[in-house]
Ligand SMILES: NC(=O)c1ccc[n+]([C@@H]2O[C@H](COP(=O)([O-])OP(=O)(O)OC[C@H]3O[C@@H](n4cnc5c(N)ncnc54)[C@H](O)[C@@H]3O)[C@@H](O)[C@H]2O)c1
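Below you will find one chain, with nothing else, as structure tokens; this is the form predicted alone, and questions on how it binds or moves follow later.
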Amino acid sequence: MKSWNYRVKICVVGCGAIGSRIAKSITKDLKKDCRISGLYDIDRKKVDKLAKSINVEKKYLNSDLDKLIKNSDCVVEAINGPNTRDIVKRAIKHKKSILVMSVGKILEEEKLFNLARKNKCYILLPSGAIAGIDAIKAASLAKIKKINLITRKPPAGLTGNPYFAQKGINLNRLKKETVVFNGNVREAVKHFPQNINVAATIALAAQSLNKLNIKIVTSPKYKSNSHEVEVLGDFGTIRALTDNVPCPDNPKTSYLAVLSGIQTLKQYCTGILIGT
């Protein structure tokens, strides 16, 4: 049995804007409860830069990901790429819990959740940049009839997405509020993997992928990212509006999403779970 003063060993996979913020928080705000046991990224320069900024020893920068995972208690996934599922699977196979920031990548991966149950480890999914996930989880025990999500972002938070070229949408030419996407959660996470993880989180919390409709709206007048969710069901009605500022390191991500990941990790390390 681990002693009460044991510090949970964390391996951070992905040393970009989100992974770096989480790693820095581990070494500063959460240092009483956990510590860095590994940093990994396919771009070694990112690893070295982050390690230097938070004084992580070279022995924790091994290029062998499986060794880093084995030497950890919990893994943080912060890559938001095609390898997300593989990293989650590798962590679970080693019977390690994992905090998944790229929730959309495991939207329909029931096998991963079953494997986690079998290996008695946790897949930790933060609420992200949205309010109301605790209530939606509770409501899922009754009957949810319909969920509507409206996400509003400034054009800068959507640039570089090939979806707009396919649809013939030029973000730089928009003069007014424009709906640039209206569809289901599967389509949303496919076309907007860096922008709409909240939709996947809502769907998983509600235990339903087919009752959620998503609109993504943009305007040159928008200065922040917002998510408005409405849930209707036998329990009543849930309405929640979150008005976020972009993460200082990445305008495509809301600052609250990063803070939510850090708070989820803190709850895991301290064993104190607040909320439904």
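Residue indices: 1-based, along the sequence shown. Keep in mind the model is a prediction, meaning the values are calculated, not measured.
Not pictured, yet referred to below: the form predicted in complex with the ligand.
The putative spot formed by G16, D43 and T253 is fully lined by the ligand in the predicted complex; each residue has a non-hydrogen atom within 4.5 angstroms of it. The chain is drawn here without the ligand; in the predicted complex, the stretch among 159-167, 128-136, 181-189, 109-117 whose residues come within 4.5 Å of it by any heavy atom is 128-136.
Proximity to the ligand in the predicted complex, defined as a heavy atom within 4.5 Å, singles out one entry of S97, N148, N71, Q194, which is Q194.
This chain is drawn without the ligand; in the predicted complex, the residue among A205, I144, V88, V103 with a heavy atom within 4.5 Å of it is V103. Heavy atoms of A78 reach within 4.5 Å of the ligand in the predicted complex, making it an interface residue. When the ligand is considered in the predicted complex, S140 lies well away from it, no heavy atom lying within 4.5 Å. Put simply, I10 is far from the ligand in the predicted complex: not one heavy atom of it is within 4.5 Å. Proximity of A257 to the ligand in the predicted complex: non-hydrogen atoms within 4.5 Å are present.
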